[in-house]
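This text opens with one protein chain seen in two forms, each one given by itself as structure tokens under the names structure 1 and structure 2.
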Structure 1
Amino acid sequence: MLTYLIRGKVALFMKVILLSLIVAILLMLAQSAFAQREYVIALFLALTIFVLTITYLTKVSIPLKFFVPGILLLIAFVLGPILYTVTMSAFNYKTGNIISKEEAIVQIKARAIEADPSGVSFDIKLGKSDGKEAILASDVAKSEYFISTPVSRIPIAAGDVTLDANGVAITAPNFTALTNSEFANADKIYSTKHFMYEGKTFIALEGFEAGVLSRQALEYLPASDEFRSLIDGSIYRDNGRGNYSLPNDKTAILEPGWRAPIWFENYTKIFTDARVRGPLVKVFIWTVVFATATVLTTFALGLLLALALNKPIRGRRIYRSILVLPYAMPSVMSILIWGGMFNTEFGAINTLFGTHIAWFSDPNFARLAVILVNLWLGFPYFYLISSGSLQAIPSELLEAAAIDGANPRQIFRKITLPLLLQILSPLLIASFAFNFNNFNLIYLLTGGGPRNELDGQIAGATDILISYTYKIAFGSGTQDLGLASAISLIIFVLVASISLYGLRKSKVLDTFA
């Protein structure tokens, strides 16, 4: 029956249906990606379609049939983002420099509008003339009226308009005012338009009922890739770092900028710019202290328990089921619960000990709380694996030592502990690497705080590298994706080295190295 399902015509039919469905969806996605100018994504999708059809419709390679779906997913959602992180780290990619250069030029032009020094403004009505967006403008004081579109301006004699109570023209020949339903969507269309006036001046809308005589302050010169001020003639040039700026005053830049390649500057900044380096060094030291303290405390408590329960005493099974509960609970929930327990006013910890400690406002108490909560979360893991490993130590060794007259303490220090450390060292290293990036704990318990409000830095006392990086990328102030990516990659190199060292110890690598 099973064989039939795998080899039969039914299977072939299902395969073709499924494959065509997937290919159809991917094709649709590729097209819309291409239309949105996401060429890299479109190319990846096209390659995916190609690989899928080749793999499953021809007999090119049997292994490919097995690992193509998994590998494609890995490339799309793990390898792709890693490569994208590498790319971002080489760019000046932060708040104010998010968009592409083409978009930036468009936006600079749109923003470079200023009111004409004459200060003239008009009362206006929005509407259409000859099917085009138009305004009916009134200079009430002078009783002058005209219809203006982006391409023309037609004066209207005072006798041809009807006025409202304020003397503003509301109807004119060849002009239809917007209906209420059209009005709802008018803002986007009309607010970006330049309605003709005289010479280089035009009317820009200010709200729906007023237009201000305006002029373009900057003009873009495509040939030399410069912006020229139409007011004083000064020239803004591409400063090579994602902004147009004055050659002699680098701080005078035009907003917005764009994401521009700055190669290794995000990396060099980490080591040379004191404003970046200062907090980062502090955070790094705490990260190492935190991860080390966590590994030591969780291992010590777990081992203590494993030793105490390493004998079939009464109730061992009950102890065991209770002791793994912290590990079995979804950690997001338990971290949040601990957060509530450390509250100064209502928290159970202060009630229990009769204290009134502001746990999360004092840097040292906050750090203590973080380590304590992580001890609670992590000790069952080391209890479980230590008790497993204790069983693995040959009892002859311990008996021989006892016969030779060693006391239990000596046996533990000279035989059990060294052997255990040898067995468990890869896991201790893995735990260090995991806690080095234990984002959830920090983010959910303290949010990295408390932070020193006075010096205005975003790094808090309990921030570890990864939570600090997250704040740099998604924080409330300047979001610097380029710098965050550079730090992420440095963390990866650190953690990968630690993990590879651990794997080498566990000899996993030997099997295929």
Structure 2
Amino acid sequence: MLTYLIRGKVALFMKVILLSLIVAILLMLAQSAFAQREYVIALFLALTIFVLTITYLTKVSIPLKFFVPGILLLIAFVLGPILYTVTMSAFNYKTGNIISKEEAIVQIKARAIEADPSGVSFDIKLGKSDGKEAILASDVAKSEYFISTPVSRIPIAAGDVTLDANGVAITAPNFTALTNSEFANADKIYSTKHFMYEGKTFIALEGFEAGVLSRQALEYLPASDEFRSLIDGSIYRDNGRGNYSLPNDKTAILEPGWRAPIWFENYTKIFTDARVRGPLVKVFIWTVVFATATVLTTFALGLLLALALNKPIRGRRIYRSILVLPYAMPSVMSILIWGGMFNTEFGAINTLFGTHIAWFSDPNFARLAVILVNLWLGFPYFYLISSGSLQAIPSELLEAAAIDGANPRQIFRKITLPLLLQILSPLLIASFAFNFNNFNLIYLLTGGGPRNELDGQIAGATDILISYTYKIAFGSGTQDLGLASAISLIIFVLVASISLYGLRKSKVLDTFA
């Protein structure tokens, strides 16, 4: 019966039903991505549907049936983001240059209006005329009234309108005011329209009850891909960096801009721009110091406790359970608790020692606090792996060394520690790589501070590369996603290089040769 369910017609029917549901969902997502012009995502989803169908409805390859889900997820959630980061690092992709060029042109045209120098304004009533959006405008000072649509303006005699107590027209022939229910969608419909006045001037709405006489300041010339000022005739051209600017003044740009390729400029900016290079060097040095200090202190404490509890003592199991508790607790909760304990006025640390240290206001104390908290979070891990590694060391080696006259310190230095380092080298390197990018600890405990925000500093005293990159991308007034992508790739290369160098030096990979 079980074989029939696994391999029989029932199994085939269930497989077809499940595959159909998955394909239907992927097809719906592909259509949505295509409609939003996300063609790369749509193509990937289409290829996914094709691969799943071929793999599970045919007998092309039996092993492929097991590997396909993992391969697709690897491409979607690992390779995809990496390729996207690499691509964006070559773009001018920051605040003001987020959208596409087509969207930027539309927004520039929509924003390129200015109030007429005369400063004329009107009281208005929103409604419709001949089924089209229109306004009933009143110039109370001159007792003039008219109906204006995006294409025409119809004067109305004073005797043909109904006025309210303020002399504002509320009804007129061939004009139907909006009802209360229609006002719900009035903002997004009427606020984007320009209502005709005369010549090149029009009425732009300011709310639902007022309109200002305005004029278009810029004109887009599609043939030459330029904007021409209708005020002074100046021409704004594509500067190749994602903005329209004046040819003789590159700083005079139109906003918003768009994402545009600048190739390796983000990388060169890291080394040539002092505003980026200076903080980055300091952050890099602290990142290396922090990761190195964390690995050394956590490994030392974990190994010390493992050596102490490796001997038969009363209550050893209870001690081991207590030592593992910091590792068992969620790190986010532990970090937040420690943040409260380091509070200057009410924290348990200052209360216990009778001090008034401003832990998170002084750079040195803030760095010390970060290392201490990470020591608390990390030593149980090294205690566990050190305990296991000590069990793996043959006792015959230690006994032979003792017989040869070696004292306990010599045995530890010459035998135990070298064997432990050979076993634990990959884990030490992995711990270094993890702490090199330990965003949660920095963000939750100190926020990267302290820093002088009044001087416009982005990097704080405890910021590591990953938290500094986050601030460049999302944490300041100008979000430079292209530069953050470039720094992210440099972090990746650094961590990969350091890890590979450590593995080669430890010769741990030689056993797999």
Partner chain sequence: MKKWLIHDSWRHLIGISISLFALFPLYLVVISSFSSSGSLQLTSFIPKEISFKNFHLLFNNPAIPYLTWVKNSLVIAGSVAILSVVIGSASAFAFSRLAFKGRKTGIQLLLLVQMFPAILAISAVYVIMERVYKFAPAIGLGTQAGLLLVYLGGAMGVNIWLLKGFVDSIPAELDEAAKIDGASAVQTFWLIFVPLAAPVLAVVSLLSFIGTFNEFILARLFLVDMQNRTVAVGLQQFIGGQYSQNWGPFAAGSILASIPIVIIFLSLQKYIVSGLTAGSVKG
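Sequence positions of structure 1, starting at 1, serve as the residue numbers. Keep in mind the model is a prediction, meaning the values are calculated, not measured. Take the two forms, superpose them, and find the largest set of C-alpha atoms that agree within 1.5 Å; that set is the rigid core.
The form predicted in complex with its partner chain is represented by structure 1; structure 2 is the other form. In the core-superposed comparison between structure 1 and structure 2, the C-alpha atom of His356 has shifted by less than 2 angstroms.
Annotation: Cα of Leu427 displaced by at least 2 Å between structure 1 and structure 2, core superposition. Here Arg275 does not count as shifted, since its C-alpha moves by less than 2 Å between structure 1 and structure 2 after the core is aligned.
We note a C-alpha movement of 2.4 Å at Ile318 between structure 1 and structure 2, with the rigid core held in register.
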